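Next up: just one chain, as structure tokens, the form predicted alone.
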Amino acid sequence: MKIMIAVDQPSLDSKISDRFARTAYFLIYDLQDQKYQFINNDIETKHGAGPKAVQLAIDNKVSAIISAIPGENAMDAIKESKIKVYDGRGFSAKEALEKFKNGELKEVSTTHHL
């Protein structure tokens, strides 16, 4: 299972980004082999960043996203993709991964928008 995490820095110690689609980096973490990579998120568009970020998750065969609560456009794309979203606010990537593995992260409903 692969997880995509929105992070501010290319480090497992980085805090979860406050913004999903406009984060500086995405961490793609494979729980099975514990390998990971960072993808520089160089989205410069004014509109459509959410769906593009979700497409990145789909292209990387991600099953779950850990981030701050994604915006409405991203949530619509996530709902269609069947990817689960978990609230990682306040944690580092490493902490969020541990909490995810232990079933301690709150799943975000894709049917409600903030």
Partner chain sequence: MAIPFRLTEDRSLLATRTMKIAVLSGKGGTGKTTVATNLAYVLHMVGKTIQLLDTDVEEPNAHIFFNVNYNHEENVQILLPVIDRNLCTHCGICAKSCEFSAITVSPKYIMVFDSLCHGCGVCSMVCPVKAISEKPKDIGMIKLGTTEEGIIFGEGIMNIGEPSPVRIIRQLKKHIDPAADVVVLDSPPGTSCPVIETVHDTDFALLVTEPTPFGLHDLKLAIETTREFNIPIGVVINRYDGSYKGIEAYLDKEEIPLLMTISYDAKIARDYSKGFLFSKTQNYADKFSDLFERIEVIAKC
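In this text the structure is predicted, and so the values were computed from the model without any measurement. Residue numbers count along the first chain shown, from 1.
Only in words, not in the display: the form predicted in complex with the partner chain, which the text now covers.
Asker: Should Ile39 be classed as touching the partner chain in the predicted complex when contacts are defined as heavy atoms within 4.5 Å?
Answerer: Ile39: no, not in contact with the partner chain in the predicted complex.
Asker: Verify the contact flag for Asn60: yes if a non-hydrogen atom of it lies within 4.5 Å of a non-hydrogen atom of the partner chain in the predicted complex, no if not.
Answerer: So Asn60 does not count as contacting the partner chain.
Asker: Would you classify Lys52 as touching the partner chain in the predicted complex, given a 4.5 Å non-hydrogen atom cut-off?
Answerer: Judged by the heavy-atom cut-off of 4.5 Å, Lys52 is in contact with the partner chain in the predicted complex.
Asker: Mark Lys82 yes when one of its heavy atoms lies within 4.5 Å of a heavy atom of the partner chain in the predicted complex, and no otherwise.
Answerer: Judged by the heavy-atom cut-off of 4.5 Å, Lys82 is in contact with the partner chain in the predicted complex.
Asker: Tell me whether His47, Asn73 and Ala77, taken together, all sit within 4.5 Å of the partner chain in the predicted complex, counting heavy atoms only.
Answerer: Every residue of the candidate spot has a heavy atom within 4.5 Å of the partner chain in the predicted complex.
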